[in-house]
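Quick heads-up: it's one chain on its own, the form predicted on its own, in C-alpha cells.
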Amino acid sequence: MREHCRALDAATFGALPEPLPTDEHRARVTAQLAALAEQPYAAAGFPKHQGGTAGYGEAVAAFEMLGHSDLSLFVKAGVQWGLFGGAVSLLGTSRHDDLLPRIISGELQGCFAMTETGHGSDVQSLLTTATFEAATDEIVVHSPEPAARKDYIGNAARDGRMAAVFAQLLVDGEPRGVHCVLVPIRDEDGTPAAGVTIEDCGPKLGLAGVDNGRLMFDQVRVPRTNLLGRYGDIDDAGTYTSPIDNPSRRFFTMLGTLVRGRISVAGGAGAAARSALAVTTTYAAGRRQFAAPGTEVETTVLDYRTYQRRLLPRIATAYALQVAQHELVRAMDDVLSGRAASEQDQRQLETRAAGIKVLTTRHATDTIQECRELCGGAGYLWANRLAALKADTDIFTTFEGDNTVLLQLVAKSLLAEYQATFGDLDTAGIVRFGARLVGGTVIERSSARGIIQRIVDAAPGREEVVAFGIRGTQLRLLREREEHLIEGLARRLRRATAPGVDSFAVFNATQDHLVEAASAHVERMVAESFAASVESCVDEDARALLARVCDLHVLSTIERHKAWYLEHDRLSPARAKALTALVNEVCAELRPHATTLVDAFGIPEGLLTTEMSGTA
C-alpha cells in the first residue's frame, strides 16, 4: 500500500508550491479528496459488508503517507473516512450500512461533531441534547446554550452534508448518556438545513485547506433510526436497550471503537517529522559554512558537533517511533478484523494508541521547529516546506485527544494493571511483598517480549559499572525509571482511600507525577519495540547500522532524564558525563550515514522538492 501511495502523482496530491487564498486552498483539497476517493485507500478502512475491503492496517498506512503531502488533505480525508465514516461504520447498525458506499466514494461528505465550545476533553459532559419523542418517532437535537455549540468541526464550514453529532440522549425523560446521532446539516444545494446554524471558524494557524466550522441546532428533528445504536438503541416500541448496562463502560466502549483516528494522527505526525528531517539533512549535507584554520574549504554544517547533536538523535527517534507505529497499526488491524477480540485487547490498543500519539506529535512539534532553525533563513521560506509543516502540525498535540489528558489515560491504565496484579494489598503489604517487584511486574505484563527480557537479564547488575553500550543496560535504565514512578504514584494515590481524605485533592496533587509515569512507560515501550526490531533484522549490514541508531535513540532518551537518574542515585556524576560523551561518539559514527537514513524513509522525491535541495 505504501508503494502504491508513492506512485501517486505529486502534482495532484503533493504540497502547495505557495500559499493560496483560503477559498482556493479549500477547493483544491476538496478536489484532491475526490481524486483520492478513486484510489483503494478509503475502501480498505471498512468491512466488506459495508462496501469496503477490510484492509484496516492498509488504510491507516495510506493515510500515514498523506502526512508527507499537504496536511490539509490528510486531515480532510481523516474527517471524511476515519471520523465520520468510522462513526457510521463502528457505532451504527445494519440499517446504516447503505450509507457507507456513498461515504467511501465521497458522494456523501460528512463531519464529526463531538467537541463543543464549552466541552472538549470532557465528552461525558457535553451539553447538546438528543431527546426521543415517542409521538412522532423522532429524535430532537438541540443546543441549549452557546457553550453547547459544536466547535472546530472539520468539513462543516463548506462541504459537509451530514454530521455525526454526539449528544446526551434522553428517552422518556431519562438520561442515557452520550450517544451519536446522524443529523443532515445541508441540502444538496449547500443551504443549511432547517434549524441548523453553520458558521466558519475563519483563519487558523495552519491547515487552511480544511473547512472548520461551528454548528448550532435549534430543535432539529431527525428519524429515530438516525441514532447510531450499536451500543444503545431505541426499538420500534420506543424502548431503549443496550448490550452494556453500565453507562460509563458503555460510553468508553463507544469512544474506544474510534481509536483508528488517534492512530492515524500519530502516523501523519510521524510522516511530517520525517519529511522535515529529510529536507533538513539534504540541506545540511551540502551546506558549508566557516573554514577550519589552515584550510580554504568551508566545513559542511553537518560536520559540526552541535548540528549533529540537534539533528541525528531526532532521526533516531523518528525510526523508533515509526517502528512503534507499525506495531500499533498491526495491533489495530487485529482488533478491527476480529483476530484479537477480547476486551483486554481493545483496552491495550487504546492505551498504546494514546501513548504513541503523545510521543509522536510532541516529536513532530519539536523536530520541525528544530529543523526550521537548523536551516536558518531558508527554513523560514514557504518553498522549503518547513513553514507549512510547522503550522499544519501544531494542532496535532491537542486534537484527537489533548496530549496531557491522554497521558492521564495511559497512567490510569497502568494503575489498573497494578491493581490487577496486587489486588487490595495495602502499602505495608506491598512493601512486604517487595516494592521493587511491583513496577517490574506491571512492566512484564505490558511488554510481553521474551527477546527483550533476555537482553535485559544478560546485562550487568546495578552494583556493577554501568556500561551504556550494552543494550540490556540501556533498557534496564528505562525500566528502572518507569518502575520507580509507577510505584511512587501508586503509594501516593493509596492515600486517597483513607477515611476523611479528599480523594480529588489527592488525585489533583499527583497529576504531574501521573503524566511523568505515563511518559516513562511509553518511552520504555517505544525503546523496547525498536530494540526488538533490530534483533529481528536479517540483513547484517542493515542490522549493524540500525543497532547504532537504536543506541542513539535510547541513550538520548536516558540523557534527557539525566537529572532524574542523578537525583535518584541511579547514575553517578562520572557516569552521567560518560553518557554524554557516548552520545557524542554515536552521533559522529552516524554522521556519514545521515543521508542514507533519511533516504530510507522512502518519501517520494516529488514531495521533497525544495529550493534548498536544488530541485525546485
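All of these numbers come straight from a predicted model, not from anything done at the bench. We number the residues from 1 along the sequence you see.
Here the subject shifts to the form predicted together with another copy of the chain, a form of this protein not shown in this document.
The partner is not drawn, yet in the predicted complex one stretch among 38-46, 561-569, 543-551, 55-63 has residues with heavy atoms inside 4.5 Å of another copy of the chain: 561-569. Here is the short version: of G488, G472, P184, G206, the single residue with a heavy atom within 4.5 Å of another copy of the chain in the predicted complex is G206.
Site annotation in the predicted complex: the residue of L493, L100, V222, V515 reaching within 4.5 Å of another copy of the chain with a heavy atom is V515. A residue is said to contact a partner when one of its heavy atoms sits within 4.5 Å of a partner heavy atom; R305 meets this definition for another copy of the chain in the predicted complex.
With a 4.5 Å cutoff on heavy atoms, G602 does not count as touching another copy of the chain in the predicted complex; it lies far away.
Under a 4.5 angstroms non-hydrogen atom cutoff, another copy of the chain in the predicted complex lacks F468 among its neighbouring residues. Residue contact check for S105: none of its heavy atoms lie within 4.5 Å of another copy of the chain in the predicted complex. Using a 4.5 Å heavy atom cutoff, none of F251, Q348 and T595 lies near another copy of the chain in the predicted complex. Along 362-381, these residues reach a heavy atom to within 4.5 Å of another copy of the chain in the predicted complex: T365, Q369, R372, E373, G376, G377, A378, Y380, L381.
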